[in-house]
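Only one chain is included here, represented as structure tokens and corresponding to the form predicted alone.
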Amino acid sequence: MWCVARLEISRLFLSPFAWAILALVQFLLAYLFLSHIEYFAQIQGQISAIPGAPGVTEMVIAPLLNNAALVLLLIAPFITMRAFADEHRNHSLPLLISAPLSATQIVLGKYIGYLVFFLLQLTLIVLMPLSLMAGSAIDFYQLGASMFGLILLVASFVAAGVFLSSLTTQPVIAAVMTFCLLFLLWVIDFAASSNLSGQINWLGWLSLLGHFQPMLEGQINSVDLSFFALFCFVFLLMTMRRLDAVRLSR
């Protein structure tokens, strides 16, 4: 499993595409971060006299991490699209599945490899909120809960992307399918909240945004943790079953 993970990490970082993604995301979020700081500086004098007024964590860090979640949703399909689709296209999948590794080890190895890439991206992102310690007090509990939620969210993105990559031989098709699924699960909360009859409130439970938002506000509850754990487990299990089916068909 770990050798597969190391192979995927080396493939990613030997490619200029991964480095370009890291730089592009960091540049975009740095621009948004500075914009939030500028806006907070402009209104700080007006809200300072209000009891219980939002501080830098609510006005700068939370919007930044919310933007980061959306940006990572956009790039996740392009990172995970080659997980298995490239193996199909390059005819290297038979060699991979003939190795003395179980489907579980192969899938988890690839999953961990891609997850490491996103954890590196998150490490670079969290340095921006931490830089605010030099001039203001931040709520470390809310920051920690938000980052934990962002890690779970990214883990879900990767699990879905790896599974959909196993269904096709074309990485671009895998990327499109992953984006469509993640975007649907991102906006489905709006359909649930706009429902007046209350008959499709179960749609809200399927929303990635609906489970991430409480963590962004500093709330960690078992329902959200269970959702992300179940989401990752189901998609990874389906990927293992798909790989087993391919192995048996050869």
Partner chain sequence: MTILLEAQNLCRQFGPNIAVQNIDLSVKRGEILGFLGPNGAGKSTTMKMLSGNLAPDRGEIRIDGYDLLSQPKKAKAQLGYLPENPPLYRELTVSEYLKHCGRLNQLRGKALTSAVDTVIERCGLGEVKRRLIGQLSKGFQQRTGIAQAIVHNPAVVILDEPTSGLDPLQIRQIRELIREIANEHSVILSTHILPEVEMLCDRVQIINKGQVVFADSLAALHQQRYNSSLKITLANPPQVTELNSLPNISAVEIISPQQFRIVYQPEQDPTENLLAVAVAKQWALNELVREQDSLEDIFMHLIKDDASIAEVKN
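Numbering follows the first chain given and starts at 1. Quick caveat, the model's predicted, so the values are computed rather than measured.
One more form of this protein, predicted together with its partner chain, exists but is not displayed; see below.
- Exactly one of the stretches 140 to 148, 97 to 105, 156 to 164, 112 to 120 approaches its partner chain in the predicted bound form with heavy atoms within 4.5 Å, and it is 97 to 105.
- Although its partner chain is omitted here, in the predicted bound form none of Leu28, His36 and Gln219 has a heavy atom within 4.5 Å of it.
- Its partner chain in the predicted bound form is not approached by Leu230, whose heavy atoms all lie more than 4.5 angstroms from it.
- Taking the partner from elsewhere, Ser131 is found to have every heavy atom lying beyond 4.5 Å of its partner chain in the predicted bound form.
- In the predicted bound form, at least one heavy atom of Leu14 sits within 4.5 Å of a heavy atom of its partner chain.
- By the criterion of a heavy atom within 4.5 Å, Ser226 is excluded from the residues contacting its partner chain in the predicted bound form.
- Taking its partner chain as positioned in the predicted bound form, the residues of 1 to 26 that bring a heavy atom within 4.5 Å of it are, in sequence order, Cys3, Val4, Arg6, Leu7, Ser10, Arg11, Leu14.
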